[in-house]
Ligand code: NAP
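Next up: a single chain in structure tokens, the form predicted alone.
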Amino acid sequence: MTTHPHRNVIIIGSGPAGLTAAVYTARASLAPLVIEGEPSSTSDQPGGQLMLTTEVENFPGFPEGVQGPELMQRMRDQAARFGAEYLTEKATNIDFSSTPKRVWVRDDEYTADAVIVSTGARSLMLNLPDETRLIGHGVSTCATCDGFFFRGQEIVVVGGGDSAIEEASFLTKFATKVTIIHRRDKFRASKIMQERAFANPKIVVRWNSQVTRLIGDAKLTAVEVTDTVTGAVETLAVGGLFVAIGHRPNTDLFAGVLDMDETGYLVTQPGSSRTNIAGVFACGDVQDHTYRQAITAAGSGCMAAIDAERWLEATHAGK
């Protein structure tokens, strides 16, 4: 086992939340270590979900838009400029029972007075061939992020909960037709959400159906839909597919240590990024299942950095 020099702050995760926290803690001369994840990971990879996004047009300061990976690289470079260090590995174990906090990457041990958790969340996917290849090329998991790109096109939304209905309703602002594909014969969504969908002339519902194949080379051009009752197969020509079957926070590492809600998201104290353990803070999609935007994640990363800095000052730790 290798033990490394003690740190003021360790940040676990490197999406918009983690990198913003790195910028702020580095500028506060706290020399954070960012354990940014593994490039091969499909969940908590370096840069988070924006690494799978092509054009980002709703992040302030980029009037012409910016590629997701480029935005993350700029954030990473900005934090490095102020002294943040990076470890392109995945945290494998933690011990927050005392101070200093301990984080392991396999057999290597890292210690810090404060820890900021920003491991994010991942969209549940259909697990179809070509799905990952077509993310950002017709396949999306966020209507508010990407809906604008599908003006004048026909779109498919997969799901049956509130999120799916909300995404479908939002997409009718841009699409000529939105087909909701649901594997059952009734929605899980709330009654009011269902009523809105049924009243919208642009929304069509395909019950007892599931998408079984994605078609397209450079971009998605069609989906294969299979009837779960009859087995009948039909091909729908569409410009976009939005997967809205839920999200899962990357919180397995903290099970039994940090408080979570019933769906596994970390619980933070109202109006702050503080968790149930002093000196441990959480930000971004790992604790936000409402907004899930790059800008809100970045904002909460700022909060976590300021909370951590103030906690360190108040406890005289890391000074």
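Nothing here was measured: the structure is a model prediction, and the numbers come from that model. Throughout, we count residues from 1 along the sequence that is shown.
Here the subject shifts to the form predicted in complex with this ligand, a form of this protein not shown in this document.
No residue of the trio 271, 274 and 303 has any heavy atom within 4.5 Å of this ligand in the predicted complex. Across the options 139 to 147, 89 to 97, 218 to 226, 157 to 165, residues that bring heavy atoms within 4.5 Å of this ligand in the predicted complex belong to 157 to 165.
This chain is drawn without this ligand; in the predicted complex, the residue among 79, 112, 178, 244 with a heavy atom within 4.5 Å of it is 244. Between this ligand and the residues 106, 213, 188, 74, the one pair within 4.5 Å by heavy atoms in the predicted complex involves 188.
Residue contact check for residue 193: one or more of its heavy atoms lie within 4.5 Å of this ligand in the predicted complex. This ligand is not shown here, but in the predicted complex it comes within 4.5 Å of a heavy atom of residue 184. In the predicted complex, no heavy atom of residue 236 sits within 4.5 Å of this ligand.
Using a 4.5 angstroms threshold between heavy atoms, residue 126 counts as touching this ligand in the predicted complex.
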